[in-house]
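As structure tokens, one chain now follows by itself in the form predicted on its own.
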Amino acid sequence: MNVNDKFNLKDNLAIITGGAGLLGKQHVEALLEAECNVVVLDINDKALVTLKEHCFAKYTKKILTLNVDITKEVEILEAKSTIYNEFKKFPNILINNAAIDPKFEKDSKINQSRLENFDLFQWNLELSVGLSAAMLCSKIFGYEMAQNGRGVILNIASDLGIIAPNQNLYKQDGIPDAEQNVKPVTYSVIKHGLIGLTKYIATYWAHKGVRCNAFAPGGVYNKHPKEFVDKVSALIPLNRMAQVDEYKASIVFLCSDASSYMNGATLNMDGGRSTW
């Protein structure tokens, strides 16, 4: 097989959770460009409509968008039936990408992002989307892959699934330590957990032809304040944040036969940040 052919995903069917978000949209585009049909699961109706219109106008491969709460197993099973009815087969690629980007009210009497104030409800909510839902989707769609003797599961982790967050990035002058914003504990736990889930699945269904890997990207520039960009860039050997489209080729690599002997691994792509 020609090297370039290994990256082609023609006749494949992928499912992407949280596919209407910032990076999710890039994952969708990457697979469509590699000739893959794509199913997007998300709970943001408006974003799903926008994504579908964009992809219909730009790509020839098929995209199906479904409003699904992936924390509810019954909704995933309903989506599974819808997908099969639409394509007459189950997905052989699953990208567990969904996550909650928590927003904490600035006028709260306490800083809820801090570990000492972190609410158990918020903990359970974020883990249900970022980690438990990844397990559920892997359980449901991964089983079908195993039954079919072929499949790829890709868990989207983070460089903060490898290293701890540097809380100095979020410090602001003139604010007492107890009131400073921090990267919430849930983010680290979820991203580390996804890497653990990756290793488990990689050994669980390998004999059935199902590979599972994790992708650990660094921070993506998204109109962040200059002060923050300067701080985080100083921690990265390449001295910059990633551009939003810089991970697309890596996603295709990880989902295609180009990575056919890669299993249980974490591809770390963070500009070198975790090297220091």
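Not measured: the values here are computed from a predicted model. Numbering starts at 1 and runs along the sequence shown.
Here the subject shifts to the form predicted together with a small molecule, a form of this protein not shown in this document.
Heavy atoms of residue 181 never reach within 4.5 Å of the small molecule in the predicted complex, leaving it off the interface. A residue is said to contact a partner when one of its heavy atoms sits within 4.5 Å of a partner heavy atom; residue 20 meets this definition for the small molecule in the predicted complex. The small molecule in the predicted complex is not approached by residue 250, whose heavy atoms all lie more than 4.5 angstroms from it. Taking non-hydrogen atoms only, residue 92 never approaches the small molecule to within 4.5 angstroms in the predicted complex. Every member of the trio 24, 69 and 157 reaches the small molecule in the predicted complex with some non-hydrogen atom inside 4.5 Å. Looking at 202-210, 142-150, 115-123, 92-100, the stretch with residues near the small molecule in the predicted complex, meaning non-hydrogen atoms within 4.5 angstroms, turns out to be 92-100. With the partner omitted here, the residue from 64, 32, 43, 236 that has a non-hydrogen atom within 4.5 angstroms of the small molecule in the predicted complex is 43.
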